[in-house]
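As structure tokens, one chain now follows by itself in the form predicted on its own.
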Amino acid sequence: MCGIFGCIVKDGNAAPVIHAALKRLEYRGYDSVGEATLHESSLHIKKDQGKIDEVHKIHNLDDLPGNIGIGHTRWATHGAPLQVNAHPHLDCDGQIAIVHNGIIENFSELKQELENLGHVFKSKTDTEVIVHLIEHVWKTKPSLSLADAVLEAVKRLEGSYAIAVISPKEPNKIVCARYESPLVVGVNENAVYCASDIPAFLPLTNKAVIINDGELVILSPQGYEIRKIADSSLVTREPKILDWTPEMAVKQGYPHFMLKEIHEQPATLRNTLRLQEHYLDLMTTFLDRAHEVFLVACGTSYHACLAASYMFSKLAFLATYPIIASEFMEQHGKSVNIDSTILAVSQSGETADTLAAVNCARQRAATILGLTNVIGSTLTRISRVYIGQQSGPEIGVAATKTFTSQLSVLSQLALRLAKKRGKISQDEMDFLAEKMENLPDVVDEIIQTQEEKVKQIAKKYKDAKTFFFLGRGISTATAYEGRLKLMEIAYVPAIAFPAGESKHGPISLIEPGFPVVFICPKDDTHKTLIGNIMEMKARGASIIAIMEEGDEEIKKLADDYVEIPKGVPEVLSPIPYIIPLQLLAYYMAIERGHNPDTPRNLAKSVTVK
């Protein structure tokens, strides 16, 4: 998501070093940039919305004085991309500056508490509560060091964070801390650095210290000191010598962005579980009032909407209509009205077909709701209520973490709506909420234990000319998304159907060795799906099953299988069950000699109709 950087240099000014490092973090995606330096007992700050080059042209980022400073590239999650929301943020007295990557879950409660104590907030960000919290601790206990004040403040934070803090009260230090957001320290003879990612300082040093969750770091001209946040105990950790090229470093050692982003999904799913409840409740209210709800999207986002239609129906007893955006005007343009609600889903918030459908509905007085990954996008500006999916920039063209993040948000909406409508017991509500909280760990387990198996399946079927993807119920959406990934990344023609439809035509294509992928959660469709597998197997198909761990019935029928941990509820199953199919598409592309990050003829954001 956001990119942070800080440095203490022994010779020269820090500002040009920070500027260059932030340029190296541009690949992370951002909407605003800022720097703060220390010089002669004062903080000097420049920040604004826009790209680094644009902001530099206006403000000259390089002429900030001082040999110590911090910088930031922001990907908006709380507050629009405006100058006032750009980092660094200051306390009331202008004596503490902070940059932050992450999401603070309890910022609303903390902000209210601090405002009651007289603190004045300038931005709409969650980050600003951290700097005011540090200020409050320091004023309450003025004998503390900056590091101790930061340590005491972060103990009150819930959520994820990697922060860097400076103050003219201790002009030779940068204090950093992390929890669930990346932080790394770099060292050489002439400087010490902190950053979100190694690429920020790789041209300056190949000596890196990885900072772990729950650790605080004090940078000084003499080097670095690591302490545990829980008990302030010292941690000894020597730098590692890196042999990464700059290209490898940008991808954090992964060969491609797509694989990196598949592996990021446990973290992005945790972020989606930190959404502000106020906005979830507000959107739930609009959905509850609606006479009819259309879920409008394209591509991967449409498949998320298709899965969501099952969620809303099964949990909240709400009928919704998932519609491909490019078909919306022809199919429903004349029938939508003031009683209609459109929930538009778009990673970029700028997808032309989705915006065209939304504008058509707006002209007929429909209520517009938005789910997107880009705060400040067109979709956020025209929506009555919008939610940011908080999955961070997605560099690979093929959407991976976008799909699972959107599903996580949509499932939370369905669950809240079910509670609001009284369609679900408190026990079931608690059960599903707990299972949702566990999903990041489930996805992590799948990646750790099943990736090698998927790689071998890709090797086995790399020369296949066509694939089938079949599922029943909500798994139909998973089948469609698995098919799409294989086509767009590995260029393998593929067909997806609800499994019950396979005998109404598609089965005629089956011949010995034809690969058929079945999505097989152990839900109400399980028994019927076994019959579909047997139909395909009887005609010589090679069965690849994505199945629940220990499902012996499916295992006996499958030629190859990937196992998903037990206990995933049916309505949440598309989130973990898509992971092996993303990996299958990736490794099929590799086996066939294609670059999965840049599939031919495709663009990340389709802004033409």
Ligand code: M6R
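Given the structure is predicted, the values throughout are model-derived calculations rather than measurements. Counting begins at 1, following the sequence as shown.
Only in words, not in the display: the form predicted in complex with this ligand, which the text now covers.
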> For the spot marked by C298, S301 and T351, is every residue within 4.5 Å of this ligand in the predicted bound form through some heavy atom?
Replying inline: yes
> Which one, I218, L484, L280, V187, lies within 4.5 Å of this ligand in the predicted bound form by heavy atoms?
Replying inline: L484
> Which one, A398, C305, I474, I174, lies within 4.5 Å of this ligand in the predicted bound form by heavy atoms?
Replying inline: A398
> Of 527-535, 343-351, 177-185, 449-457, which is the one stretch near this ligand in the predicted bound form, taking non-hydrogen atoms within 4.5 angstroms as near?
Replying inline: 343-351
> For E105, is any heavy atom within 4.5 Å of this ligand in the predicted bound form, or not?
Replying inline: no
>> Against this ligand in the predicted bound form, would E488 count as a contact residue? Criterion: heavy atoms within 4.5 Å.
In response: yes
